[in-house]
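Next up, structure tokens for two forms of one chain, structure 1 and then structure 2.
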Structure 1
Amino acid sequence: MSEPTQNEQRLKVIVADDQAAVREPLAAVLGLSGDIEVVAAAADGSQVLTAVAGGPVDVVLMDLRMPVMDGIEATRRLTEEHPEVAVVVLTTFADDDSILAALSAGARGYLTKNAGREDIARAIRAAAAGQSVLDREVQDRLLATARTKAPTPQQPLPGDITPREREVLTLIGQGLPNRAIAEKLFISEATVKTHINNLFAKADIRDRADAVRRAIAAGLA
């Protein structure tokens, strides 16, 4: 996580973008930062993989929209086969799906293309050090999805519920009538009723509708 003092070696960076008009000036301008060395350029995801195989690399600056193999897939493979290589995404698109997909694939940074040279350089240094740099809007989006989707605290059931009862509750949560539950578990409907009544007593469930809600709330459905 930390750099003992500071300058170890120049950071070896690969620039990946299918548009030469973006890739080449970017590589050139990054080389101006004294601590960054662009060791290769790639026009698609597979070129990134071969380039990484060619020699030691610290950071890949990755576009998402590329032919042959896109940036998401390239990131996924890269972080699997070479976890020591950090990936920083640099793209024009900052929609929720792209952000989640890229970070899930293992990217350690996400910048939009209105980031300046220093912003990019800083993200590269951070990624090499194990940190993660996000554009402000990207962080806001990620935070928003993390927050809005949070109100399902997975409230638990009493501990004295038997495995069989849990099975029955799950099927209730899927909306099945007792007869269907009985068939699915190869038991009689009477037995299903017994389990249900035990459930009601143990878990303070009033009726079937309540059971459905509890099953969903407990994550069984």
Structure 2
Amino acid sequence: MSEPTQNEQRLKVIVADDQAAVREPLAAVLGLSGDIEVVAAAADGSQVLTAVAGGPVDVVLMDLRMPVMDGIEATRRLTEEHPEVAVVVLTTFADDDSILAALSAGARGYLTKNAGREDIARAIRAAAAGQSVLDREVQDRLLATARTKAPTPQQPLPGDITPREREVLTLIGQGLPNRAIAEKLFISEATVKTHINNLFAKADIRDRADAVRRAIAAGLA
């Protein structure tokens, strides 16, 4: 029998939540996904760092409010010490301070606990591939916050941005996820990701939250 290819290997995930009643069922449910393997469960940020040090780990599914070391500090430490490990926040909190703190600390995804198993699995896969996934409620809050803080006058985009990349940025600025952008533009989700990667590189955009701010600053949203 041949060895599994890289694409067939399962993503190694840590589930971090201080409540065992949340942590354990979530780990069990994610384990049902054929491409995801939960390699550890942690009750606080310190346990996350210990588990990651024992590696290998691809993604940490991180709660924010935990004892000993909270999810924000753990995310910041992971970003500094293990930048190859992606963090997806899964929390009940969707306030501006929590969202911005998590994204600033380096989280690639932010979901509320209303998210279903497939939404969480999709966010894990996206984070492992270097993409950002934000819950729709989180996108709406970021959009509202960015609009109140958008810099003036408008900031133009680099001249080498293509018309299609401009369309994609416009739709990101409206809060649409990749799947909705693909449907809107009649292209595949993979093509949307390619446009986003190119756009982020050309315009020096850090993440999806930054993309929303840039769309508003450029007068696209």
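By convention here, residues take numbers in order along the sequence of structure 1, the first being 1. Between two forms, the rigid core is the largest collection of C-alphas that superpose within 1.5 Å. Please read all numbers here as calculations on a predicted model, not as lab measurements.
By the stated condition, namely the form predicted on its own, the second structure is the one that fits. After superposition on the rigid core, the Cα atom of residue 197 is displaced by 2 Å or more between structure 1 and structure 2. After superposition on the rigid core, the Cα atom of residue 162 is displaced by 2 Å or more between structure 1 and structure 2. A movement of the C-alpha atom of residue 22 falling short of 2 angstroms is seen between structure 1 and structure 2 when the two forms are aligned on their rigid core.
Core-based alignment between structure 1 and structure 2 gives a C-alpha movement of 24.8 Å at residue 213.
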